[in-house]
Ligand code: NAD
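Starting off, we have a lone chain in the form predicted alone, written out as structure tokens.
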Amino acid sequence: MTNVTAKNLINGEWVGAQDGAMGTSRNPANQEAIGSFPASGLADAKAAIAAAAAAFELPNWAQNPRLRQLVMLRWADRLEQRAEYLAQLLTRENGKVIAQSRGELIGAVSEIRYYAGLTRYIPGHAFEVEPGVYSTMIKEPAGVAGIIVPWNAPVVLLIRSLTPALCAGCTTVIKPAPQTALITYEVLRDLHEAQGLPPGVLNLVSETGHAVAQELVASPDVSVISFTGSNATGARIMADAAPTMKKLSLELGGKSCCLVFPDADPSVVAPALAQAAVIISGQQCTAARRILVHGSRYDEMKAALTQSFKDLRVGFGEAAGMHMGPLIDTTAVRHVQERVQMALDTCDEVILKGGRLGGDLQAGNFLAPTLVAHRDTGAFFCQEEIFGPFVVLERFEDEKEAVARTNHTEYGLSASVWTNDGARAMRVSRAIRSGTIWINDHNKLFAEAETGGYRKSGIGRLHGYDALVDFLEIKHIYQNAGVV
């Protein structure tokens, strides 16, 4: 695979940064350079926002749902045709195992087609409030949407924000993560080349710093910000967006608990939870972080889970049969190692100690999984989202304690309940304060079902029909037509 030279897309034209600066993208498995992208600045951001704002004022996009649907369907077809190339590039740039990259492309294509299907059905309603007096409610696109994309699942997390924005009729400016600017460029190149897309509807501005993202958040010409990332950055976005009162869609951190009840089989549950813990090398906000086990099965589950982690294959994402690749970059490795070491020093029990891997993997950002046991849910490593392959094992004695331990958190993104008792599954799921609860499974995400979090896990929902809410305004039109 040849190296990729990405560009910005502004008002329908592929261009470099105005000052000519470039950034380098590197393969996290071996640090080799795999391409370059514009290291854009404030002037580039302003140009892209101006192009999107001008395009929004024209009716040929915002008021043309049939065209929007056709463009999205054509885009999905183009992505599907290039899916294997894109999956290979995603693995090279992000490091995730190839099976996960292929799955991400399949999910992305499905999501585009889902929102293409919704595009021609965004209904309002009308009613007669008194004789001859009518109120008509119509749903209109909010305006320019700024989309700030993370690096951990850069294709599907781009598309789960971009497709409802396009479906609603918004125009867009996209700011990718510098770690995955190449795959974002390639995915959007297919959309740009889809027949019928007007200039200015889609704009892409890459950067190595923060000036572009900051301008998107602060600009009065941007009506919506859709961001996926850390709580700290989400809080700054909320503060910086406050003067313009723009709409915010924020999916932030998580600390997913997995509750394993006595009737669940550890030999079945343990391998599933080990895989759920190391998805994208533990760099997914819904990854399994805390595993809570009923006391009667605790020892059995600890043994099964330890073996399941030992059985995971860590290596180059392109290789067949791998379960886990490298972390995204050296900064991430250093931070995760520091937090894990602090946990090892203070936890009740170190069950499995991970760490850097040598041999052929020495040059890459590889970390083996760590498993610890701890009783106090107030410990920093039970509360803090450590964005890597680190899991805490906990014991509970009844449903009430399991729910209390799960809800002792600032987060509320996702959790899972493992039991063959249907009533218990529903009872416990209802009591957990999280946006998504899986029963006897984990990390099942798809276009049709809304996802998002309680508390500090974010604002708004993505996926599903309700994702359109963040990209729409409701207009009330009053008319006194009189009566005959």
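Because the structure is predicted, anything quoted here is derived from the model rather than measured. A residue's number is simply how far along the shown sequence it sits, counting from 1.
Although it is not shown, the form predicted together with nicotinamide-adenine-dinucleotide is what the next lines describe.
In the predicted bound form, none of the heavy atoms of Val173 sits within 4.5 Å of a heavy atom of nicotinamide-adenine-dinucleotide. When nicotinamide-adenine-dinucleotide is considered in the predicted bound form, Gln275 lies well away from it, no heavy atom lying within 4.5 Å. Taking the partner from elsewhere, Asn152 is found to have a heavy atom lying within 4.5 Å of nicotinamide-adenine-dinucleotide in the predicted bound form. Shown alone here, Phe261 lies farther than 4.5 Å from nicotinamide-adenine-dinucleotide in the predicted bound form, counting heavy atoms only.
The contact residue chosen from Tyr114, Phe227, Phe309, Phe381 relative to nicotinamide-adenine-dinucleotide in the predicted bound form is Phe227, the criterion being a non-hydrogen atom within 4.5 angstroms.
The partner is absent here; in the predicted bound form, the one residue of Pro271, Pro178, Gly107, Gly315 having a heavy atom within 4.5 Å of nicotinamide-adenine-dinucleotide is Pro178.
The three residues Arg160, Ala213 and Phe387 all sit with a heavy atom within 4.5 Å of nicotinamide-adenine-dinucleotide in the predicted bound form. Across the options 232-240, 297-305, 91-99, 391-399, residues that bring heavy atoms within 4.5 Å of nicotinamide-adenine-dinucleotide in the predicted bound form belong to 232-240. Contacts between stretch 253-286 and nicotinamide-adenine-dinucleotide, counted in the predicted bound form as any heavy atom lying within 4.5 Å, involve Gly253, Gly254, Cys285, listed in sequence order.
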